[in-house]
Every structure is written in C-alpha cells, then in structure tokens.
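One chain comes next, on its own, written out as structure tokens in the form predicted alone.
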C-alpha cells in the first residue's frame, strides 16, 4: 500500500510541479504572478478532450493542437493585456490576470460545454504491476514529460542567448535593456513557455482526472502553492515543491483521511514559509534600481 501511495503522490506532485513551473518562469522573468495560469491548464485539458473524446481526433494531433492553442492564449494575454501596462503597477497586473482567468473559464463553457469529459490516455493497455503496486502508463507520461521539460528549460536558460537574456532581465530590467536585451521579447517568450507547459499539464492530467471548465482555479491554487513552497522564481524549487505537496496529500489521504489532505498541505506550507519565507530553494529577490 505504501508503494501505491508514493506512486500516486509522485503523479499528482509531477502535475503540481508542471503548473508551478509555469508560474515560476513568468514571475522570474517579468515579476508578474499570472493568476490566469490555472485556466491555461484547464484549457489544455478541455481542448484535448473536446478534440479526442468528442470529435474522435487521434491522441497526439489533439494534444499538439491543445498545447498550441494554450501557447497562443498565453501570448494574447501578454500582448493585449499586460505588455503596455506599467510594470510597477502590480495590483492592476493581478486584476488583469484574474479577469483573463474568469474570461477563459466562461469561453470554455460557451464553446466546449459544461459536461465533464474523459479523454483517452496517451497509451492503451492496462497498468504495469511492479512490486505489488500498479503503475498506469499515463503516470509514466506525466513523470517523463516533467523530466523532459525540466531538461529543455535548463538547456534554454543556461545554453542559449535567449535564455541568458531572460535571466538577465530577471536580475535587472534596466541593466539588461542597456546591454541591448529586449525585456518585452523575454516576457513574450516567458508567457509562451508558460502556455506550453500549462497546456501540456492539462493534456497529461485530463485522462487521469477528467477535463472540466471549473478545474482551472483548483489547479492554479495547487500549482501556485507548490511554487511558493519550493521558492517562487526557481524552476527546481517548483519541482521540489510540487513533489512534496503531492506526496503530502497522498500520504495524508492514504493514512488519515482525504478530508484532511488540503489542511495538512496548508499547515506544511505555512510552517515552511515561517521558517524560510523565500521557500525551500528560492533566493531572496534582488533589489532593482
């Protein structure tokens, strides 16, 4: 039973980690907390379910279209809502992202519907039996996607000019501008990456937990909590925070009660933030002048 609980926790934690990375990549680049990010995850799952379960489109073309749609959505959110706004007006930024999230939720109800959808898993066949525990193939897709995305993100940030430019903008906006780096370009890339990762998380989760227009706020809260727990601004912290949160919920549900899993996770989050306010791996934000 313990093995099964741990495997379930890792699956849930990997999803939380993917969502948290989306929050982190935007915040670390442009210092915006994108509260619409949970709706990108919802949109990825809903579009995938709509194309595959309703219209019978093959799995991987449906996944690709769903993720591409989320990238476009994220780009539009930045270009139409945030690009021309004063970057120091944080309250207005938060209100815009919240408004965008509500809008996306409404559009999903209108164009896709209110019914819960159950799209197919990426791989057919029953679960694998390992050491008395069962491992669904979709879990392997989720964990594998997290590993691939983390590797790709590391290569982008540390081994490409684009990624190094994003890191420079995150450290000092004005100095990066003086060095010829475009903060707007970095912000666009950050939002598109967040849309890609959020859409991927939604398509990966939908076969396990279904797709519904009301899932976004719940998933957004969990992903944001994971990002805060690990350290908002640190991709590695997002992964650590997501896995810890998922394992904590799984162990609590397995050995105590599922009723208390959210409460236990909240207590853990508060305790860590009281001891280390910047999160487990996060660093104190640099001062910008």
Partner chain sequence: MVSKHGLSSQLSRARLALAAVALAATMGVHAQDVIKIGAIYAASGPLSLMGVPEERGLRMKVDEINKAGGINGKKVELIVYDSEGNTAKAAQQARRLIESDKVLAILGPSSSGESLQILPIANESRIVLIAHAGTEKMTNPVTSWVFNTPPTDRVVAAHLLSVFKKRGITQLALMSAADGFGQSGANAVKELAPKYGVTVARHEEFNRTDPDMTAQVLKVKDSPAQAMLVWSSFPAPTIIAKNAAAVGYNKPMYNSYAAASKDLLVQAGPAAEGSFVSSMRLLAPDTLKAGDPLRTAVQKIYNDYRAKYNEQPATFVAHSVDAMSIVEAAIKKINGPVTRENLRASMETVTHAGGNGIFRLSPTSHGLDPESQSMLLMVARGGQWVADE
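Positions refer to the first chain, counted from 1. This one's a predicted model, so the numbers in the text were calculated from it and none came from an experiment.
Beyond the structure shown, there is the form predicted together with its partner chain, which is absent from this document and is the topic of what follows.
Asks: Partner absent here, but in the predicted bound form, which of 203-211, 169-177, 154-162, 183-191 has residues with a heavy atom within 4.5 Å of its partner chain?
Replies: After filtering at 4.5 Å, what remains is 203-211.
Asks: Considering its partner chain in the predicted bound form, which of 243, 253, 236, 62 comes within 4.5 Å of it through any heavy atom?
Replies: Looking at the other structure, the residue within range turns out to be 253.
Asks: Exactly one residue in 145, 112, 71, 139 has a non-hydrogen atom within 4.5 Å of its partner chain in the predicted bound form; which is it?
Replies: Checking each option against its partner chain in the predicted bound form, the one that comes within 4.5 Å is 139.
Asks: Residue 116 near its partner chain in the predicted bound form, any heavy atom under 4.5 Å?
Replies: Yes - in the predicted bound form, heavy atoms of residue 116 and its partner chain come within 4.5 Å of each other.
Asks: Residue 14 versus its partner chain, in the predicted bound form: is there a non-hydrogen atom within 4.5 Å?
Replies: Although its partner chain is absent here, residue 14 would stay clear of it in the predicted bound form, with no heavy atoms inside 4.5 Å.
Asks: Is residue 134 close enough to its partner chain in the predicted bound form to count, meaning some heavy atom within 4.5 Å?
Replies: Flag for residue 134 set to yes.
Asks: Using the arrangement in the predicted bound form, list in sequence order the residues of 60-87 with any heavy atom within 4.5 angstroms of its partner chain.
Replies: Nothing in the stretch sits within 4.5 Å of the partner.
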